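In structure tokens, the next block holds one chain alone, the form predicted on its own.
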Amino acid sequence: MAAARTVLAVLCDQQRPPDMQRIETLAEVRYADAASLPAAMRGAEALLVWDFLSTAVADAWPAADRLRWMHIASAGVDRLLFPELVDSSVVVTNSRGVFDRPIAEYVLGLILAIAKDLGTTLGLQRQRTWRHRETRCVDGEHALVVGTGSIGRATGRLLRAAGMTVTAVGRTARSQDPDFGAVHASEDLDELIPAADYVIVTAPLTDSTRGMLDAHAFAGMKSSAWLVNVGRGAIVVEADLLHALESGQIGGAALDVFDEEPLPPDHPLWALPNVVVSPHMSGDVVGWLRALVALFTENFDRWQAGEPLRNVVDKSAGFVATGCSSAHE
């Protein structure tokens, strides 16, 4: 008698993941939206959370009667780690690694655009106005990277290659780090932030990072310094940031993530001249969807073979610990 095929549920919106043909030959794949997810999860052993902005998994959780492994098509897992999942034996993996270089390039691009005042140049071009100006050089400027995961590391390497001095803040201090040399503890942020020309947030959203950039942090920044947030919106206290921007307390902010997404059309951040707003796209480059599926397919093969999975999330911490892997049983 032939062995029963693995049942895989896939939470997706109208856009299904590409390049799933091979997996569809190996498993019974049930594509579902939020409304149909409970039915799809009954009897499913694995779940691909393709619609990583959805919170439907928590609502459908009572139907997860055979689930052993869940993979999310994003690096952040904060929307997924509801208490019942954290307390369960279900292994969670994420898409760490897919977005590292794209986001690092995006951050460097933002910093160059800010330093070279490209926003003003484009505005003057539209007005057909010739106005000579001086701009800043990034060589020798100081970047403070908040978050030492794979995205933060890729960002630090690229900024250093551009000539910037890079300091890193992580959960714990360590004196010998392969990418940063030294990593400072998050408790040292107040001491480090006054020297930064750019404060770059790449950290995941956890209990310890929520709201860590607040009025006190902005008060310590240079009046010319910029905040760049490619982590999660809730790491920054938005009301405090607005006050710092409107009062000229800091130079500006380049934001790819927000408390509420999409950012409401009447939100004051849209209108501030010293703010760059982008729609949570810093890691989304040509081919990113196929890269996400390729990573999932590799993990699916590992899972079926009983081999250690890539990117196993420490559910209590909310991120992938370095070198963390797991063999499913």
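None of the values given here were measured: they were computed from a predicted structure. So that there is no doubt, residue numbering starts at 1 and follows the sequence shown.
The form predicted together with a further copy of the same chain exists for this protein as well; it is not shown, and the discussion that follows is about that form.
Taking the partner from elsewhere, every residue among L122, L158 and M281 has a non-hydrogen atom within 4.5 angstroms of a further copy of the same chain in the predicted bound form. Among the residues A195, A162, A173, A234, the one placing a heavy atom within 4.5 Å of a further copy of the same chain in the predicted bound form is A162.
For the options S224, S247, T129, S89, the one in contact with a further copy of the same chain in the predicted bound form, meaning a heavy atom within 4.5 Å, is T129. For G109, a non-hydrogen atom is located within 4.5 Å of a further copy of the same chain in the predicted bound form, even though that partner is not displayed. At the 4.5 Å threshold, heavy atoms of D59 stay clear of a further copy of the same chain in the predicted bound form, well away from it. Within this chain, K116 lines the site of a further copy of the same chain in the predicted bound form, having a heavy atom no more than 4.5 Å away.
In the predicted bound form, a further copy of the same chain sits beyond 4.5 Å of every heavy atom of G43. Considering a further copy of the same chain in the predicted bound form, the lone stretch of 66-74, 261-269, 25-33, 297-305 in range is 261-269 [heavy atom distance within 4.5 Å]. Contacts between stretch 276-310 and a further copy of the same chain, counted in the predicted bound form as any heavy atom lying within 4.5 Å, involve V276, V277, S278, P279, H280, M281, D284, V285, V286, G287, W288, L289, listed in sequence order.
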